[in-house]
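To begin, one chain is listed below as structure tokens, in the form predicted on its own.
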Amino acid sequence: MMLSVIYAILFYAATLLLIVGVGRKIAIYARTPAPLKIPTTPAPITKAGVVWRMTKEVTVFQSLFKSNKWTWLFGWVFHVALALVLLRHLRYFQEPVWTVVALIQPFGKYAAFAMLAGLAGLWARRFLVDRVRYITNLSDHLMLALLVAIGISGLGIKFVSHTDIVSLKAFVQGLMYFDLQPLPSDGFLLVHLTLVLILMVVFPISKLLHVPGLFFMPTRNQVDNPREVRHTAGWTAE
């Protein structure tokens, strides 16, 4: 039971740090003035066009596709597979499980392999591409290593050392309702949960903040109407 108490405290603390940390960064992004009108051309000339542009950036990584096809391929495969894996994990938080979550379980189970393949490609380019290797630092390698380790440990739970899924779900839902339940003590599970905790803590101070940061990029979220509307930088607004 002591193990359950320790991990419960850690998850509550990590969740608080994640929410506060990301919320603080988003607030900083929102307050940061954009002194220039700098949408990357060809740019939309209406707000609806900006919404459509951002939708394409979020779903198919349009600008990355135009920039580098291999990076786009590995990045898109990783993110789509990660989305499936995360959706599959929703079953631990739901009772009854939503139909759509139940339907993706077979796909989410094997999406972890695609996620690791995408990560391997993204990591390889940091060694093989000169200009990328030049700007890569230790934190980039450590973040990729953390994500790979999370994926491998998750596959270990599924294919190597099965854990008690019913007890794990009871523990997770117990955290949600402040009703502590015993946590299975399987090795792969504890490693997986520990790595997830580390990710939650470092997320607000890592490059993974590109997730919310994408929506605050002036090159993507600005309307190309400098002649029709006078652009102000915030501090010059009348």
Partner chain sequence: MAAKFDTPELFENIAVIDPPPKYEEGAMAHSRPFVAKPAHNEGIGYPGELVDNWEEKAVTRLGELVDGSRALRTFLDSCVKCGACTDKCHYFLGTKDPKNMPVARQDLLRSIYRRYYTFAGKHFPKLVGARDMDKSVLDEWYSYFHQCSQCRRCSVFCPYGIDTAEISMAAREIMDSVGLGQKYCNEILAKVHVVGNNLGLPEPALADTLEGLEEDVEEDTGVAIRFPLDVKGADVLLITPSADFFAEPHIDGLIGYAKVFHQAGISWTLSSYASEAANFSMFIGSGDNLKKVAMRIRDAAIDLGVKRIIVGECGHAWRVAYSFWNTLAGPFDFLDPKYPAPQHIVEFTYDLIQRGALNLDKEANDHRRITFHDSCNVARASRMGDMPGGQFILPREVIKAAANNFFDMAPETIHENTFCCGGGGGLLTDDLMELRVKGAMPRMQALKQVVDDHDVNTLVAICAICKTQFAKTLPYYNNPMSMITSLHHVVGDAIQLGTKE
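Every value quoted in this text rests on a predicted model; they were computed, and no experiment measured them. Positions refer to the first chain, counted from 1.
The protein also exists as the form predicted in complex with its partner chain; that form is not presented, and the subsequent description refers to it.
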Considering non-hydrogen atoms and a 4.5 Å limit, which listed residue (A30, A48, M176, I198) is close to its partner chain in the predicted complex? A30
Which of Q105, S139, S161, Q94 has a heavy atom within 4.5 Å of its partner chain in the predicted complex? S139
Consider M217 of the chain shown here, and say whether it contacts its partner chain in the predicted complex, taking contact as heavy atoms within 4.5 Å. yes
I'd like to check something about P182: if you look in the predicted complex, is any of its heavy atoms closer than or equal to 4.5 Å to a heavy atom of its partner chain? no
Although the partner isn't part of this model, could you tell me whether S63 comes within 4.5 Å of its partner chain in the predicted complex, counting any heavy atom of the residue? yes
Would P226 count as a contact of its partner chain in the predicted complex, using a 4.5 angstroms cut-off between non-hydrogen atoms? yes
Which of 111 to 119, 153 to 161, 86 to 94, 140 to 148 sits within 4.5 Å of its partner chain in the predicted complex, heavy atom basis: 140 to 148
